[in-house]
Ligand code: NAI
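One chain comes next, on its own, written out as structure tokens in the form predicted alone.
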């Protein structure tokens, strides 16, 4: 009987040694017993060695095929190349395989001392982070001598996927309350959408209490009283920052497991770095990778093995056995292999100072996947929306003053259906009103809206493009955005001070 195949990428730096130790632990616990419905790890080439061969994707074609065939990738930490054009393989993998939700659990662990454990505060909460969109699209442009832009992209379907995952996971784990972290007080449309879709998803889970919190206040609350949270769902960048902050609350990234969940393919990984300074010395802490592996086992239905290993790990930590990066410094530290050997010796044991994981009956590894798509899917939330063109924003590279620029723009639009309504700089209105204390750079947003008497929807996009063409005869146009109403609601933001 063949086991369920799982793609295995050992990683760079300390990756191979902590992965080898983790796999040895899993083997000893019966995870790889094919006759009992276990799993089989299939090594794949990813990371620094692939980048070194000139492959800017960082993974071989065979590695991609094996991962897509198996539906699961278990990976160690991987190095992002410096220069050469190669991007982070971690981000590439998540986005390429649409692993849209990052799930990380933060628990107080015995033997891992923190300010909270010293105070007798036991932490047990999770963060769900949107994993595809936001600034992680990496869409950036140099717009003028002095201005560079990074686009922040938030979609309704992307929000819906991560929120529904959060609620379903909370339901499965018995989480009673979910908070949505956001910055909708400032980014009213992008974070506003994220928050609105959270509230929409919540309607289908009335048994789960919800709350929302502005992300800066959330960070303060997490430091002051982290035990008030059970699960937090956030957009990508904010979620990245907050989840690392949370790792610090329980001892650091070496104790924070991570799962990247997708509809078809999921990735389980340690989120700490490759630690090249200690690579090959056999002293690295494998705890984060072991915990990530336990998340993978539970994802595959191997709850018995996951609970068995978790209890052995907790009992090991409880006994004071530790690697050099944590624990009682008065007690000698052990190496990676010795640490895992101690866990193996305690398989079947349970911790006594913290709650033990319940060990269910054995089960067979399984992975329920939707049918492979025949082509790239377009996912949508809002349909049959009536849109009407009401103007455009034209972005210019110009050293002129706002008043001089306004005179030029008013002449340009004189014989068009549009009027110049505002000019802003770095998001702040500088014309028709503004302050002499507002400093400007060489990049302006010039907004044209329909003149009085011209009805919304009476003209199409071609007229705004024609206007942009007239502007481009005299100025460098960096970019252009169409202004529209969506079912009568403005689909664009106001400037600061407008």
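Nothing here was measured: the structure is a model prediction, and the numbers come from that model. Positions refer to the first chain, counted from 1.
What follows is about the form predicted together with this ligand, which we do not show.
Exercise for the section: May I ask whether 115, 250 and 252 each come within 4.5 Å of this ligand in the predicted bound form, counting any non-hydrogen atom? Expected result: Looking in the predicted bound form, the three residues 115, 250 and 252 all stay beyond 4.5 Å of this ligand (heavy atoms).
Problem - Segment assignment from 138-146, 70-78, 408-416, 222-230: heavy atom within 4.5 Å of this ligand in the predicted bound form - result: Of the stretches listed, the one contacting the partner is 70-78.
Exercise for the section: Tell me, out of 214, 193, 96, 278, which residue has a non-hydrogen atom within 4.5 angstroms of this ligand in the predicted bound form. Expected result: Of 214, 193, 96, 278, the residue with a heavy atom within 4.5 Å of this ligand in the predicted bound form is 278.
Handout entry: Answer option from 259, 271, 420, 109, heavy atom within 4.5 Å of this ligand in the predicted bound form
Key = Filtering the options by heavy-atom distance leaves 271.
Handout entry: Partner contact for residue 14 in the predicted bound form: this ligand, 4.5 angstroms, heavy atom
Key = Residue 14: contacts this ligand in the predicted bound form.
Practice task
Could you confirm whether residue 234 comes within 4.5 Å of this ligand in the predicted bound form, counting heavy atoms only?
Solution key: Looking in the predicted bound form, residue contacts with this ligand do not include residue 234, since no heavy atom lies within 4.5 Å.
Handout entry: Exercise: residue 131 in contact with this ligand in the predicted bound form, heavy atom 4.5 Å
Key = Output for residue 131 is no: heavy atoms all beyond 4.5 Å of this ligand.
Practice task
Verify the contact flag for residue 303: yes if a non-hydrogen atom of it lies within 4.5 Å of a non-hydrogen atom of this ligand in the predicted bound form, no if not.
Solution key: Taking the distances in the predicted bound form, the answer for residue 303 is no, it never comes within 4.5 Å of this ligand.
Problem - Residues in 90-113 close to this ligand in the predicted bound form, defined by a heavy atom within 4.5 Å, in order - result: The stretch 90-113, when checked against this ligand in the predicted bound form, contributes only 90 at the 4.5 Å heavy-atom cut-off.
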